[in-house]
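Below sits a lone chain in structure tokens, taken as the form predicted alone.
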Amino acid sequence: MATPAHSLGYAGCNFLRQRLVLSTLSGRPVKIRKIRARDDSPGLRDFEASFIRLLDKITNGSRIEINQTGTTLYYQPGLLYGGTVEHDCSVLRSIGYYLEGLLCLAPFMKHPLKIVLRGVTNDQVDPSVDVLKATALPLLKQFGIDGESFELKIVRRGMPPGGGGEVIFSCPVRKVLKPVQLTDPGKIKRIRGMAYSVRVSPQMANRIVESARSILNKFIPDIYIYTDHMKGLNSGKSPGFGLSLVAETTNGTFLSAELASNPQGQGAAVLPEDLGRNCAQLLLEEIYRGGCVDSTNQSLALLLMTLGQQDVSKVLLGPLSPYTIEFLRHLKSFFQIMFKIETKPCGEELKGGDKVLMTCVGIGFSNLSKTLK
């Protein structure tokens, strides 16, 4: 038996998910104090407690201690077990909040993971299931995580505040990850999108498509935006509509942007035309930022590079998001790994914003719980 690793201490509720995911992968316990200690309602929120329950379901032997007020959490990770799981997510955050954590952990289970998640599929805070399906799955494939059982399927859509959506995610297990060299994003060759509407007129989706195309058609002819109108039970419990756009480059890089309408009873009503135009502009901004990985998946790419074999991995990113910067600090404290960061000013061959070339040598993480056939 390995000696129990020295536990890490943190204060505050920020980046709770990052800390729990890295703790599970590195096997190092964490203790987080002062979680919203000065708030009117102190302690863990419902969606954070739900994420901790989800970690408990996919691991074996985790020890979780929370004090009475919920302001202190001690988490000693168990072994990643996987298997077939069902989980009802909190409707305060979308399923994307939970999926982002699962995408980091799923390849290292003992048994291939097949999980049914229920809750909100598209909201204004977290990456939607559509965007993760279009950008995160191809990214994982670059690292050698692929197979017939690798899929993310939307069975029902659910908009906030009621939720009622359902998603099935299944992922094969891998013993090791392969190193990557993603240094040339390539040119944009096509744009695909999904305009969805639930419990509102199906015409809404068509209006969104028209207004988004009015902007994007000036740049590129190959644009196809699907409309998805779910009826009856499959449309969840609340009305809403939205759009997710993904631009694909010649080298297989995916850059995404998305917008959803305001939840029922909150904020002003949004016109589908405005939503379509704004989303198209967000996509153009993401393309300007550029890089081989879009800003939602920066931390996932860096984590997979860290866990790769003991070989050099390189990836070119757009400007780092604050979330990614904090993630790099956490990678250092959990895995003692440092990245070499080189800024690449936008020169002749690199259009758009300034880029960052991230280089690291993987720690040679191998999936110990995978049984050898």
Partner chain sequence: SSEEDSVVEGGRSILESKTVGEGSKEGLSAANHQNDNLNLGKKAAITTSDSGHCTAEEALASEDESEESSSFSSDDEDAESTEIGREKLVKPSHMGSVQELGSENLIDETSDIEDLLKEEEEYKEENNCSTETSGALKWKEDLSRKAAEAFLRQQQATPNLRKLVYGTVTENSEE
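Residue numbers count along the first chain shown, from 1. What you see is a predicted model; the values in this text were computed from it and never measured.
The same protein also exists as the form predicted in complex with the partner chain; that form is not shown, yet it is the one meant from here on.
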Counting only non-hydrogen atoms and a 4.5 angstroms cut-off, does Asn60 reach the partner chain in the predicted bound form?
no
| said: Even though the partner isn't displayed, in the predicted bound form is Lys34 close enough to the partner chain, meaning a heavy atom within 4.5 Å? | reply: no
Review point. Quick one: is Ala49 in contact with the partner chain in the predicted bound form, heavy atoms, 4.5 Å cut-off?
Key: no
Although the partner isn't part of this model, could you tell me whether Ile341 comes within 4.5 Å of the partner chain in the predicted bound form, counting any heavy atom of the residue?
yes
Inset, instruction - For the three residues Arg17, Ile115 and Leu117, verify that every one has a non-hydrogen atom within 4.5 Å of the partner chain in the predicted bound form; reply yes or no. - result: no
Only hit among Ile64, Leu44, Leu54, Ile337 for heavy atom within 4.5 Å of the partner chain in the predicted bound form is Ile337
Within 4.5 Å of the partner chain in the predicted bound form, heavy atom basis, the matching stretch of 64 to 72, 308 to 316, 322 to 330, 34 to 42 is 322 to 330
